[in-house]
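Single chain ahead, by itself, as structure tokens, in the form predicted alone.
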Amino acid sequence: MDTILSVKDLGISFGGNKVLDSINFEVGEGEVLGIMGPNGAGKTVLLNIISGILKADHGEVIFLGEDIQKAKITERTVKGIGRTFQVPRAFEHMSVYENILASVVYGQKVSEKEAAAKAIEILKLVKLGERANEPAGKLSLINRKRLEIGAALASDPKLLLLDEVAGGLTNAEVAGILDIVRTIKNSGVSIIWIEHIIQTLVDGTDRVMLMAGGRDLLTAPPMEVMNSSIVNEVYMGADEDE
């Protein structure tokens, strides 16, 4: 398996607070890497650095063989990095279809005519085809999550960053999100998935990285991580979310 992303010695501090301290990991082509850890572990900050929202104090982010630390957010999107957020960020006054269409036009730098077919394809993948003409602002939580994933796919990413897309959902809805993630993985897209819901990490990932205190403590197959004594030690001292 070829490596699509390599993170080396990554660190960042806010004031005197060291949020990430020498993070190291790799993601292979077509691999789903889950990230778990207590609130405040630095998980979302890590995604913010990879996607370009934040700049690390030190370390490297190598994507497709290139250090992208100096690349802007838009440049990283064009290179092939897609991103969701914990709180869905749809244009609520626009329809579901218009949200995806705009994301394709912006993410792939194509005309609306060229983007139309791709937008319809994405709507089917995230199971929103029947809601294409509904205002995004009136969607239920599960459908907002689906739309968020669809918007992240609009740039045709090679690496997709998922930040708690299953949070707040019922067991049945979580199963639906797992189906979508599997479909994306099977298309060859690599995924980094932050999640607190254990079911998603066990059933939906190839490996899991455990984070705490801004460090990567263990990276292994899901059940090996879940059964590790380190997990209990980490979660007994959980802090507030970042």
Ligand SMILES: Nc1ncnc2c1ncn2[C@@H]1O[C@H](COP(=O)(O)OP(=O)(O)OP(=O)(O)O)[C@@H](O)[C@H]1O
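All residue numbers refer to positions in the sequence shown, first residue = 1. These figures come from a predicted structure and were not determined experimentally.
Not pictured, yet referred to below: the form predicted in complex with this ligand.
Student: With the partner removed from view, which of 32-40, 60-68, 198-206, 175-183 is the stretch that lies within 4.5 Å of this ligand in the model of the complex, judged by heavy atom distances?
Tutor: Going through the listed ranges, the match is 32-40.
Student: Check Leu54 for me: does it contact this ligand in the model of the complex (non-hydrogen atoms, 4.5 angstroms)?
Tutor: Although this ligand is absent here, Leu54 would touch it in the model of the complex, with heavy atoms inside 4.5 Å.
Student: Can you check whether Ser190 is within 4.5 Å of this ligand in the model of the complex, heavy atom basis?
Tutor: Ser190 lies outside the contact set for this ligand.
Student: Is Val19 close to this ligand in the model of the complex, meaning a heavy atom pair under 4.5 Å apart or at it?
Tutor: Contact check for Val19: yes, within 4.5 Å of this ligand in the model of the complex.
Student: I'd like to know whether Val45 contacts this ligand in the model of the complex, with contact meaning heavy atoms within 4.5 angstroms.
Tutor: Val45 belongs to the contact set for this ligand.
Student: Ser6, Phe25 and Asp156: each with a heavy atom within 4.5 Å of this ligand in the model of the complex?
Tutor: Judged in the model of the complex, none of Ser6, Phe25 and Asp156 sits within 4.5 Å of this ligand.
Student: If you check Gln86, Ser95, Asn143, Gln108 against this ligand in the model of the complex, which one has a heavy atom within 4.5 Å?
Tutor: Exactly one residue meets the criterion: Gln86.
Student: Suppose contact means any heavy atom within 4.5 Å; which members of 140-164 contact this ligand in the model of the complex?
Tutor: If the 4.5 Å heavy-atom criterion is applied to this ligand in the model of the complex, 140-164 yields only Glu164.
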